[in-house]
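One chain is shown next in structure tokens, namely the form predicted on its own.
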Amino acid sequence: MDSQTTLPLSQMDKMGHEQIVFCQDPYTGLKAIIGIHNTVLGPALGGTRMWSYATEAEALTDVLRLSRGMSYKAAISGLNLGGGKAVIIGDSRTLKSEALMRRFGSFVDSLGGKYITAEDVGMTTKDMEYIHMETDHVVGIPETLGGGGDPSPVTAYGVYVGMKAAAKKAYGNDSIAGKKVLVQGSGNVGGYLVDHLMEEGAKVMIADIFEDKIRKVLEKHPNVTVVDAKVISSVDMDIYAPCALGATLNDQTIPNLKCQIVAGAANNQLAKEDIHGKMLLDRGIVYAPDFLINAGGLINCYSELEGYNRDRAFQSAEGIYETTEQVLNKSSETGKPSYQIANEMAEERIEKMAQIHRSL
């Protein structure tokens, strides 16, 4: 028998989540968690990640942090969306099936539109197509079905313009030409980011735990240098772009970083926001907050909800440059870490909209 369990916030975390849903279906092997953080601004939209978590507790921690990040991402980007996220526990290369994806889609549908899912790590547009067979509350479906397709190109573009804004802060101009940039994670977003960096003339290095992803990048860009994923924090570089999983900025890596900028697509790059955001600031490393500069994917999905137009999605993503400038300048003026400035901007918008709703 399949099961769905909703646990109250008081038993789950102190991050302000509205709802956590545990989904299980032994017939398909599905084990998933859906986290709905905040719906003040609109329905909670966030991708589904499929990963081989060591424990269910690890998966829960990931979905809690990711869904909170989506609330902040939507808020700071000016979108009328709340924050949510889902994780499917398992190896995306071996466990996937049409039945599993459709069963997950039925769980999403049971939430009545409070959560809208999309593509994330370990998922594809084909998976979104299967999910769409069971629910309308999904974006990132193939363009042939009227969707926006893979949001990765817009995500990568947003990271690229955010990186340029960080370069302007660190170097006085936003040119990345000639800069040594290490892209950790050369999957969909990382691969498209490499395209932008190579086009501008950066000296690009990549690191990934999957050889097939490395080969795919090298086939297109043979001049890219491959770096051992185990030693990335000590590589001599100007810009570090984490584009895989989170928490790569931690007690062990930050003291070894040889870069002036951190700007990447990965969510939750700071293992502990308060500690590691401050460590980067103290080291003089310009940090472009992850949920700000990787918002292009969410912007793309929002465009799909309104009636998809890819040109409009890219134009909206260009606004990430200006917002990143504002965050970094305010960080310099106040002496606060950039992540804190970005959090405060997002929280301020959510609270203002909450006040409007309370007054109605």
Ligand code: NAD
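We number the residues from 1 along the sequence you see. All values derive from a computational prediction rather than experimental measurement.
A second form of this protein, the form predicted in complex with nicotinamide-adenine-dinucleotide (NAD), is not displayed here; the remarks below concern that form.
Using a 4.5 angstroms limit between non-hydrogen atoms, G185 touches nicotinamide-adenine-dinucleotide (NAD) in the model of the complex. In the model of the complex, nicotinamide-adenine-dinucleotide (NAD) sits within 4.5 Å of a heavy atom belonging to C243. The shortest heavy atom separation between A266 and nicotinamide-adenine-dinucleotide (NAD) in the model of the complex is within 4.5 Å.
In the model of the complex, nicotinamide-adenine-dinucleotide (NAD) lies farther than 4.5 Å from every heavy atom of Y171. Though nicotinamide-adenine-dinucleotide (NAD) is absent from this view, in the model of the complex it lies within 4.5 Å of a heavy atom of just one residue from K96, H196, K213, H137, which is K213. In terms of contact with nicotinamide-adenine-dinucleotide (NAD) in the model of the complex, the residue from Q260, T124, N250, S152 that brings a heavy atom within 4.5 Å is S152.
In short, of 185-193, 87-95, 74-82, 138-146 it is 185-193 that has heavy atoms within 4.5 Å of nicotinamide-adenine-dinucleotide (NAD) in the model of the complex. Contact annotation for 207-226: residues with any non-hydrogen atom within 4.5 angstroms of nicotinamide-adenine-dinucleotide (NAD) in the model of the complex are A207, D208, I209, F210, K213, listed in sequence order.
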